[in-house]
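Take a look at this single chain, the form predicted on its own, given in C-alpha cells.
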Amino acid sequence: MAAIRRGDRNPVLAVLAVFVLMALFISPAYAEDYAVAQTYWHGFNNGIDVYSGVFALNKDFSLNTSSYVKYTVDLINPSFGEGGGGGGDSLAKGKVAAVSGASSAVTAGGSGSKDTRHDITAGITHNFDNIMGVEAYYDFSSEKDYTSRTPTVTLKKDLFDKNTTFTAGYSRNMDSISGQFIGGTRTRNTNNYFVGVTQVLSPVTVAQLGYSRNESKGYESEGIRLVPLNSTAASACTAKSAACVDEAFPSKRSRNAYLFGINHYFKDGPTAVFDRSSFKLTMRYYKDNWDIKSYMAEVEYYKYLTEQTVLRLDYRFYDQTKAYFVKNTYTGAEEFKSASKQLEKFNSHLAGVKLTHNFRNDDNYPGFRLAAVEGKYEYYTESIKVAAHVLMAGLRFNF
C-alpha cells in the first residue's frame, strides 16, 4: 500500500519495482503501441476515500526507440455533485496531502479532509544497437502542500545471449513542502541509486537480485502534524501552542534496500491447479540511519483459467521497527519529535485477487482496438489500526 503513503514515496524504489516486474511467462504478447486507462478506489476505515485515475500511452518510433507518458490524478474525499466542496477543504486545509510525497492519507485528517494530486511522467527508451539500453524519465507531481520533480535515468545491459541483464539507475527528488504548520515553504533533495541483475536460470525460471540506496537532505517532516506534549490529547493539536509543537526530524536520512526475487512457470504441474501457472516470490530487507529496519515478503500466483483469462492471487507481509527518536510521550526537551504513525513499529498485510481477460487479435481490424479488461480487489490492514479496501478496473487498447 505504499502508493497511499507519501512518506514512503521513493523513486529509487519505483525503479526497483519496475525491475522486479519481470515479464511473466504466462503473460500475453501485446503490441508495443498501447494505451491504458485504470480507475482505483481506496476506502479507509478512518472515513477517507481516495479515487484515482491512471492514463498511460506507449508509442514505438522504431525497433530501438519508444516513448511513454502517464498521467495520474488522485482525489481524496472529493465532493461529487457538491459544486467543488470549497468549505470542506478549508476546514482541514493541509491535514491530508494526496497520495504521493510527504504525508499519509491514512493517518492525517479525517472524513472531511480534501486534496487533489496531479502527477505526470514522460520518458523515452532507446536501445543502442543491442549494446546498451537507456531509459530517461521525468516525473512532476503537485498538490496543495507538496510539489516534487524527479528525473530518472536507467541503463540496461544484456549479456550471454540475453540470459543475464544488468540494470543501474539514478534519480533525484527535488521536493517543495508547504504544510499548514510550516508557515512557508521548505525543500528536500534526495539522490537515489539502484543496481540489479536478472538471471535466466532455466527456460522456466528467472531470478533477480537488487540493491538501492537513497540519500536525502533538507526538511524531512511534512508540516501537517503537531506533536502533543505531556498528557495533551493528539486530537486537541489543531494549532501551535505550548502543548502542541512542530515535529522535528534529523535533517539527513539514508536508506538501503536489498531485494531478491524468483519467478517460476509450470507448463505441466503436478496437479491441474499448477498447469499453465507461475509463482513469483519477492523478498526485501530495508534499513536506514533512523534505526528503522523492515522486512517484506510477497508471493503471487498466476493461473490461466482459459486461453484468454488470467487469474492472479497475491499476499504481502511487511514488518518494521520504529525510528530511534519515536516515543509515546514527549516533554518538549527532546531534540527530535514525531507524530507520524509511519515511523512507529508496525506490520501490515495485503491480500488480493485480480482477473485479466485478453481479447484475440483480429487481423481484419489492425487499428485501435480493445486488447484487455482487468479488475482487482485487495484488502490491506496495518497493526496501527489502519485498514482499507482497494478496487481497480482497467482497459488496455492496442493500436
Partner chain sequence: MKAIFWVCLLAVAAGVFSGCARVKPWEREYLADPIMQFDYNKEEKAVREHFLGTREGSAGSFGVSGGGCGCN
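Residue numbers count along the first chain shown, from 1. Worth saying up front: this structure is predicted, and the values here are computed from it rather than measured.
One more form of this protein, predicted in complex with the partner chain, exists but is not displayed; see below.
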Task: Proximity to the partner chain in the predicted complex, single hit among Phe325, Phe181, Tyr170, Phe274 (heavy atom within 4.5 Å) - done: Tyr170
- [ ] Within 4.5 Å of the partner chain in the predicted complex, counting heavy atoms only, one of 274-282, 244-252, 228-236, 325-333 shows up; tell me which.
- [x] 274-282
Open item on the list: Whether Thr121, Arg188 and Asn263 jointly form a contact site for the partner chain in the predicted complex is the question; each needs a heavy atom within 4.5 Å.
Closed with: yes
Open item on the list: in the predicted complex, is there a heavy atom of the partner chain that lies within 4.5 Å of any heavy atom of Arg117, even though the partner is absent here?
Closed with: yes
- [ ] Answer with yes or no whether Leu75 is in contact with the partner chain in the predicted complex, where contact means some heavy atom within 4.5 Å.
- [x] no
Task: 4.5 angstroms heavy atom contact with the partner chain in the predicted complex for Asn163 - done: yes
Task: Heavy atom of Val373 within 4.5 Å of the partner chain in the predicted complex - done: no
Task: Sequence-ordered residues of 283-303 touching the partner chain in the predicted complex, heavy atom within 4.5 Å - done: Met283, Arg284, Tyr285, Tyr286, Asp288, Ile292, Ser294, Tyr295, Met296, Ala297, Glu298, Tyr302
